[in-house]
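Form predicted on its own, single chain, as structure tokens, below.
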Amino acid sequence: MILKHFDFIKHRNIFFTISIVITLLGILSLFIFKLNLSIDFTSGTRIDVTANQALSTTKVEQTFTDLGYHTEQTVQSGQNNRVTTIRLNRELNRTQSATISDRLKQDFGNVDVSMSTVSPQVGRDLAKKALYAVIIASLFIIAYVWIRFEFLQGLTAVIALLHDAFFIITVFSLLHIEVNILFISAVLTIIGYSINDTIVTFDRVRENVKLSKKRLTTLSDFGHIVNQSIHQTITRSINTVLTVLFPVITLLIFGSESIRTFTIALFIGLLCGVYSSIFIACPLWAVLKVKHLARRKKKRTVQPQA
């Protein structure tokens, strides 16, 4: 494997630059295109129409147009596309819901109609709780890695995690893929998966630091340890992500439309997670570690003069 002899520290600036460019692209994309939020995070109504056979989405949208409603999105899912989901950007009262249900049954025969409505307040609360979940998870990760290893490793691990999460958001923004509650589940899943991969590498770093017979002070010293540790764990990292990617790809191909957001986010996150664990977390730790030691040395030198 070519990466078994790759110098990750020597080429660190290339990967740091790639990540910075992707981050800036994500910020620009969010500013211009924003996220395609589902009614889980905005106000609106979701209507599921289940029929004995696939319905024409054009005719379904025409029915809503005749009733004076603008459909934000119309997708089909389920076996043989028998479920048609319509998204409206407004809340419906009982009278409006009954009118729509009756008209759908009139136009398309014996269909089952179910509706779910989310108010603006519920959408804002859900988005806020999702953000809190990511922040709390990140704080616990820093605390755990700080206790188990050291603070700088906890910090770089969380930077790598946020890098992964933001990369997923960037792709969803650029491709305008709908973001629903399953998206948050996928992001939290990737956070858990990615930190596991990073901790395995950091654990090997710690072992190699203990086994080192020289005092580590320069980037070259820490770079040797990082390269050695990554080389020792890279095969495990790649094999692990491949075994997880296979079922995710299967779900992407054969899975239901209702979990499409989840599987797409998982697929992107898994690839980005193994990338950040190998090319971002450990090299960044080495750079920060050297700077931290340099500051401590400078502080000890200045204090006696005072």
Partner chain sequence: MVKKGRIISFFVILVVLAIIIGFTAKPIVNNMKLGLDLKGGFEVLYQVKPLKQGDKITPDTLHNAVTAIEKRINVIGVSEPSISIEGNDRIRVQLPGVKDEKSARKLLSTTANLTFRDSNDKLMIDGSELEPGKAKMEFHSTTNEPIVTLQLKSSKKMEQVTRTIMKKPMPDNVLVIWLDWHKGQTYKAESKKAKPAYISAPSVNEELGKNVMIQGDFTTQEAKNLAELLNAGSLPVKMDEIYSQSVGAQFGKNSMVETLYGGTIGVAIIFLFMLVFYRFGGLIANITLCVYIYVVIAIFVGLQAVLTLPGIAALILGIGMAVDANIITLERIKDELRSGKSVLSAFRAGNHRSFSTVLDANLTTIIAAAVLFVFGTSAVRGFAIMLIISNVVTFITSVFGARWLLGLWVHGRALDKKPGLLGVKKGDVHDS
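Positions refer to the first chain, counted from 1. In this text, rigid core is short for the largest set of C-alphas that superpose within 1.5 Å between two forms. The structure presented is a predicted model; accordingly, all values stated were derived computationally and were not measured.
The form predicted together with the partner chain exists for this protein as well; it is not shown, and the discussion that follows is about that form.
**Request:** Tell me the stretch among 61-69, 27-35, 47-55, 276-284 that has any heavy atom within 4.5 angstroms of the partner chain in the predicted complex.
**Result:** Going by heavy atoms within 4.5 Å, the stretch is 47-55.
**Asked** Within 4.5 Å of the partner chain in the predicted complex, heavy atoms considered, which of Leu126, Leu162, Leu219, Leu175?
**Response** If I apply the 4.5 Å criterion carefully, the residue I get is Leu126.
**Message:** Looking at Ile195, Ile168, Val226, Val179 here, can you tell me which has any non-hydrogen atom within 4.5 angstroms of the partner chain in the predicted complex?
**Reply:** The option sitting close enough to the partner is Ile195.
**Asked** Hey, in the predicted complex, is Thr74 touching the partner chain, heavy atoms inside 4.5 Å?
**Response** Thr74 lies outside the contact set for the partner chain.
**Item:** Close approach of Gln121 to the partner chain in the predicted complex, 4.5 Å, heavy atom
**Value:** Answer yes; at least one heavy atom of Gln121 falls within 4.5 Å of the partner chain in the predicted complex.
**Request:** Give a yes/no on whether Gln106 approaches the partner chain to within 4.5 Å in the predicted complex, heavy atoms considered.
**Result:** Gln106 lies outside the contact set for the partner chain.
**Request:** Could you confirm whether Ser212 comes within 4.5 Å of the partner chain in the predicted complex, counting heavy atoms only?
**Result:** Looking in the predicted complex, residue contacts with the partner chain do not include Ser212, since no heavy atom lies within 4.5 Å.
**Request:** Assess the spot marked by Met115, Thr235 and Ile259: is the partner chain within 4.5 Å of a heavy atom from every one of these residues in the predicted complex?
**Result:** Each of the three qualifies.
**Message:** Under the 4.5 Å heavy atom criterion, name the residues of 222-256 that approach the partner chain in the predicted complex, in sequence order.
**Reply:** Residues within 4.5 Å: Gln232, Thr235, Arg236, Asn239, Thr240, Leu242, Thr243, Val244, Phe246, Pro247, Val248, Thr250, Leu251, Phe254, Gly255, Ser256.
**Asked** Does the C-alpha of Thr217 move 2 Å or more between this form and the one not shown once the rigid core is lined up?
**Response** No; Thr217 is a residue whose C-alpha shifts by less than 2 Å between this form and the one not shown when the cores are overlaid.
**Core fit, then Asn36 C-alpha moves 2 Å or more between this form and the one not shown** = Where the cores coincide, Asn36 shows only a C-alpha shift between this form and the one not shown that is less than 2 Å.
**Rigid core fit then Asn52 CA moved by 2 Å or more between this form and the one not shown** = Comparing the forms between this form and the one not shown, which are aligned on their rigid core, Asn52 does shift its C-alpha by 2 Å or more.
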